[in-house]
Structure formats: C-alpha cells, structure tokens
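Here we start with a single chain on its own, the form predicted on its own, put down as structure tokens.
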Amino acid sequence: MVIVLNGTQRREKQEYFDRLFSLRYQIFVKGRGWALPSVQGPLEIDQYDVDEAVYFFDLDENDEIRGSVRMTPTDRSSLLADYFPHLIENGSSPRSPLIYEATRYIVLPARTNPSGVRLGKARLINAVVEWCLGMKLSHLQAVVDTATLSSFVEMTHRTMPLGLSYPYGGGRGAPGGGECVAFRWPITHEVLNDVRVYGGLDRAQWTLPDPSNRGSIPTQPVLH
C-alpha cells in the first residue's frame, strides 16, 4: 500500500516521518557514509524536507516502510539546481513549476529476486507517476548514482539524461562519494505504462489519485 503525505503533516503523522528519517539515516549516513545533517534520534533531515515536499510511503501489511521517495517542486526546492547544475549540459533549466524532483529514493523489496526487486520499484514509482499526471506536471527529474541510471532506462526508454556523469562527495574513491548523473522523465501515460509493464503490475493494483489542485495532496492510499 502506498500513501502520500506532505511536509505540513510531519506533526500529524509524526510516527511515519520519524520512521522514515531514521531509515534514511541508516541507509544514507551509516550505510553509504554521506556527510548529511542529522538530529537526535538519530534522524536524517535536510533543507529539502520542507512543507512543500511530498512523500510517498510504500507500506507492507505490518505498516512497515518498504519504499519511499521525496518529491519537491523545483521552482522552490531543487538539489540539482543548488548543488549539481553542472550535470545539465543540454541547456535545460533545472527549475520549473511544472517539474518536480525525486530525492531520497529507497526500495526495500520483500523478495530480493529480480522480479521482486522490479515489483518493489514499480509499485512505488507507479504511484509517483500517477500523482504527477494528476498534478499535470511536465517532467520528473532526479540526480542518481551513475551505476543506477541503467535501471531507470530499463523501466522506460523515455529516460532522458541531462548531461554527462561527474564525481561527487570528494571524488572517486572518497568515503561517501561516487559518480552521479541527472535525468528526466516526461510525465505521460506512456511512461506510466512502461513502469507498470516493467514491474508486472496488474490492473487491480492501479488507482489514479486525482488532486483537484496543487495544494491538494491525497493522504489516502493510492495503490494497493
């Protein structure tokens, strides 16, 4: 089950957010060695955890988080624009009211075989693309480790790299560092269908959210 919460609900839904920020600390700070801000808990919370941020939680039958991603409006909050503008080499602007940016992408599939991994990714990203369609966005963009770009290309051949790969975090071989690249997806029904085919989702697992405006974020499950 995927639920969608926005940043203004951090107090109302504190249990979900505390668990998410704790998971992010374990994965990105402890696991990957990223030098990220953290607070007592420990919790990983940064400058993009703002009221305008939109959070997708993929929950299992025990209400445990098995996947999550944060979406931010690029005209106000963009990691790409603030820290990685050099990744854009095709002249595109990193900011637009019609483009949201995905960060802190986590997938913890229940099954680690290839089909289970694909299903876990598709279940979460299907909900993201559905939401973007409902919001009438033009694109979704992200900065990812270069090694993972191929997995997004596998989901849809409509994946558009914005430039070449560059080192981050101090350079090659540095703790917490690596190579990264930026890409965009057009928000279309073709991309949505590509994601569903990639994950083997059937129609019973689809529920399209229909927010009435940009300030209306669905808080009920959007995917079962």
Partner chain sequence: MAFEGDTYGQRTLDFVERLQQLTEYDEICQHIMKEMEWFGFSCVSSFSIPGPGENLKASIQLNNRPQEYTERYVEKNYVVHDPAVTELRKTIHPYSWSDIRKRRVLKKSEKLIMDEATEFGARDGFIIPIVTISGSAALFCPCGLEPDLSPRARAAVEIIGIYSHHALQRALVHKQREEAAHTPLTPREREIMQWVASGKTDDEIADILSVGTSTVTSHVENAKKKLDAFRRTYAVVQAIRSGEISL
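Numbering follows the first chain given and starts at 1. Values in this document were obtained by computation on a predicted structure and should not be read as measured data.
Another form exists, predicted together with the partner chain; not displayed. Remarks below refer to it.
- Checked against the partner chain in the model of the complex, the candidates Leu59, Val69, Leu162, Ile45 yield a single residue with a heavy atom inside 4.5 Å, and that residue is Leu162.
- Exactly one listed residue, out of Leu79, Ile99, Leu133, Ile88, brings a non-hydrogen atom to within 4.5 Å of the partner chain in the model of the complex: Ile88.
- Picking from 146 to 154, 124 to 132, 100 to 108, 69 to 77 the stretch near the partner chain in the model of the complex, with a 4.5 Å limit on heavy atoms, gives 146 to 154.
- In the model of the complex, the partner chain stays beyond 4.5 Å of every heavy atom belonging to His139.
- A residue is said to contact a partner when one of its heavy atoms sits within 4.5 Å of a partner heavy atom; Leu192 fails this definition for the partner chain in the model of the complex, lying far away.
- When contacts are judged by a 4.5 Å heavy atom cut-off, Lys30 does not count as touching the partner chain in the model of the complex.
- In the model of the complex, the partner chain sits within 4.5 Å of a heavy atom belonging to Val181.
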